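What follows is a single chain, given as structure tokens, in the form predicted on its own.
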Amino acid sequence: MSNKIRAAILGYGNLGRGTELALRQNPDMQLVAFFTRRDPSTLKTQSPEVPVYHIDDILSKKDDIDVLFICGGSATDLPKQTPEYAKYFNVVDSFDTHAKIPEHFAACDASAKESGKIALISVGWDPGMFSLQRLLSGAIIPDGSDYTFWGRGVSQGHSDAIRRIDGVIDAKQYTVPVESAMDRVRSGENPVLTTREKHTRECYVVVEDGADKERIEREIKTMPNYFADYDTTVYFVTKEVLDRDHAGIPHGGFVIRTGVTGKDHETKQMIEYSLKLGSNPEFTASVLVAYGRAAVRMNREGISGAKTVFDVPPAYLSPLSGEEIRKKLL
């Protein structure tokens, strides 16, 4: 136990539960605490042997925790929680509001440098693993273009936006990449694609008895920032069908870089990275845990401040030693 990385989880939604399960698959790490804003006695975790504390008690445990996984939402939780707890812990979050990453980084960097800790932010698959692929492929093929396609998968934010419409009981929204657009990219055509040309959206919606389906469909399809820029199909289904056929949270996608090399730029090159995820939160949690290991290792070497996936040497993610990595993987 003494040699294991001591991990704690703040927040127990889909991502917190996924992190709990991911830690079980990493024998060099030990889950030692949950923290919640709820009454701790009401939180039923999958690890009854691990104590649950109220968030107000978190600072009393700061000497017992090597890394804190902050599993809240990007809209309101993480902008406050990550900079605050980086004052006391090595922290890892999955902040995914791309446009606000620079200001989130700056706030976390100030806190973590002051405390001598590491704040690893925006960890997951996009931002995260997809970001790494864009950097690597762009460095290798400088004369080229990036294309990112998401799906087919459930968008939790878009599903929530539908559920907020008057008359809607429940909904699931799928982001679907357009196959013909991906074919054009893979052929080396290097097309300029609009938002509408890259993805479509499928909505499965349960409504109240007597609800105005035409109004609801119109509100969905014209919703700015969510559906207005996409070809959107709405399917009205029963609650039983939604629960039976759309219970999971799958996702995935592709990062493709096409470009040219050679004396006369005549040689076409392509790099493609893809993910096919049975559970978006469980995979994201698995990425968080690997980067939690790296955060602790880097901090033990005296490194501090905010970091992203770009700043972490890949060897720090693996439980294997450097010798084992070179022997087995190089």
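Quick note: we count residues from 1 along the sequence shown, nothing fancier. Predicted, not measured: the structure shown is a model, and the values here were computed from it.
Just so you know, the form predicted in complex with a further copy of the same chain exists too; it's not on screen, but the next bit is about it.
*Asks:* Does any heavy atom of I140 come within 4.5 Å of a heavy atom of a further copy of the same chain in the model of the complex?
*Replies:* Although a further copy of the same chain is absent here, I140 would touch it in the model of the complex, with heavy atoms inside 4.5 Å.
*Asks:* Given that the partner is absent here, does Q81 sit within 4.5 Å of a further copy of the same chain in the model of the complex, heavy atoms only?
*Replies:* No, Q81 sits far enough from a further copy of the same chain in the model of the complex that none of its heavy atoms falls within 4.5 Å.
*Asks:* Given that a further copy of the same chain is not shown alongside this chain, does M270 nevertheless sit within 4.5 Å of it in the model of the complex, heavy atom to heavy atom?
*Replies:* Because a heavy atom of M270 falls inside 4.5 Å of a further copy of the same chain in the model of the complex, the answer is yes.
*Asks:* Can you tell me whether S94 touches a further copy of the same chain? I mean in the model of the complex, with a 4.5 angstroms heavy atom cut-off.
*Replies:* Taking the distances in the model of the complex, the answer for S94 is no, it never comes within 4.5 Å of a further copy of the same chain.
*Asks:* Just one of 155-163, 215-223, 253-261, 193-201 has residues with a heavy atom within 4.5 Å of a further copy of the same chain in the model of the complex, so point it out.
*Replies:* The contacting stretch is 253-261.
*Asks:* Heavy atom within 4.5 Å of a further copy of the same chain in the model of the complex: which of V176, I101, M182, L242?
*Replies:* Contact check passes for I101.
*Asks:* Between 301-328 and a further copy of the same chain in the model of the complex, list the residues on our side with a heavy atom within 4.5 Å.
*Replies:* Going through 301-328 in order - heavy atoms within 4.5 Å of a further copy of the same chain in the model of the complex - the hits are T308, V309, F310, D311, V312, P313, P314, A315, L317, S318, I325, R326, K327.
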